[in-house]
Ligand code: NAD
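Just one chain is shown here, as C-alpha cells, and it is the form predicted alone.
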C-alpha cells in the first residue's frame, strides 16, 4: 500500500514515521499542497493523505481518479474542502479523523482567551526590553463571566468543562443538545439569547452551508458591546469584513482566531520575508485587541500521535476491505 502524503511538515513526518512501520505501508512525504496542479504526484499510489487546506475539488479528484487513487485519508476532522459528490461519482472513498484530542483545541482556545484578557503577550514583549511598567496591562477576570459556546461536539464539550472550571456561566447552542453537558450545568438556549447574554463567545461548530458566516453583521449587532469573540474551528464561520467593522466600532472588544477564511495561502508557511497581499488579515493584525495564531490549536504531541494512529488505522481498514468507521459520505 503506497501513500502519497501531501502538505508535509516535519511534525507530520515524525509522528507518522514512528507508527507506519507497524503497518507495512510505504509513505512518500510530499511538501506540495494537494490541488489540481499537484495531484499528478499521486501517480503510482493507492492512497492520498491530505490535510485541512488541501483543495480536493472536482478537478483534483478527476486527476486522482485517473492516477488510480481509491482512498483519500484526511488527517483532520473537517471535510468541507472535499467535493463529496464528485468523490462518490468517481468511486473514491473518503475517511477522516473525527476526534484526535478535543482537549488540545479546547486548551488553546482558553489560551487565546487568557492572553487577550490579561495581555500576557504584551507583558512578555515589554519585559524582554526591560520595561516593567504595568500601564496599559489592566485585564479582567474570567471568573463569573457568561461564556457562549456555539457547537457542543467533542471540542465544544471539552471547552465547556474548562469554562465551568474557571467559574463561568456557560450558555450553549447546538442543533443536538448533549445530556452530559446539561447535567454538569451547561444551559442550552437559542442563538439570539446566546448572542445577547454572553461576554465571551467561542465557536466550535463545523463549517456547513448553514454555519457559513454564522457570525455576520446581524449576529454581532445582537451582541453586548465589547464582546470577546474566539474562533478555533473554521475560518469561514466569521465574516471577516463584518468583524473588522465591529472591531472599529467597539462592538467586538476582543478577537482571538486560530483560523481564517482565506488562510489557504497564508497558514503553515513562513511568509516573514514577503509582503502580505491579503488586506483583511493585514488589517486585523493592526488591532491591539486582536490575537491571531496560525491554525496551531491541534498541535500537541498527544494530538499528533492520535491523528497518525487513526489515519493509519483508517488506511489499514481500507486495505483489508473492512468497515470504514470514519468514512465521510455525500
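Residue numbers count along the first chain shown, from 1. Given the structure is predicted, the values throughout are model-derived calculations rather than measurements.
The next section is about a form of this same protein that is not shown, the form predicted together with ligand NAD.
With the site C-alphas superimposed, the ligand pose in the model of the complex sets ligand NAD onto this chain such that no atom is closer than 2.4 Å to backbone or C-beta atoms; an open site results. This chain appears without its partner; in the model of the complex, the one residue of 215, 155, 147, 229 with a heavy atom within 4.5 Å of ligand NAD is 155. This chain appears without its partner; in the model of the complex, the one residue of 260, 254, 110, 173 with a heavy atom within 4.5 Å of ligand NAD is 173. At a distance of at most 4.5 angstroms from ligand NAD in the model of the complex, all three residues 206, 211 and 234 contribute at least one non-hydrogen atom.
Ligand NAD in the model of the complex is not approached by residue 185, whose heavy atoms all lie more than 4.5 angstroms from it.
Taking the partner from the other structure, ligand NAD in the model of the complex has no heavy atom within 4.5 Å of any heavy atom of residue 267. Proximity of residue 195 to ligand NAD in the model of the complex falls outside the 4.5 Å heavy atom cutoff. In the model of the complex, none of the heavy atoms of residue 29 sits within 4.5 Å of a heavy atom of ligand NAD. For ligand NAD in the model of the complex, the listed stretch (29 to 37, 293 to 301, 64 to 72, 275 to 283) containing residues with heavy atoms inside 4.5 Å is 293 to 301. Contact residues in stretch 311 to 330 (any heavy atom within 4.5 Å of ligand NAD, taken in the model of the complex) are absent; none meets the cut-off.
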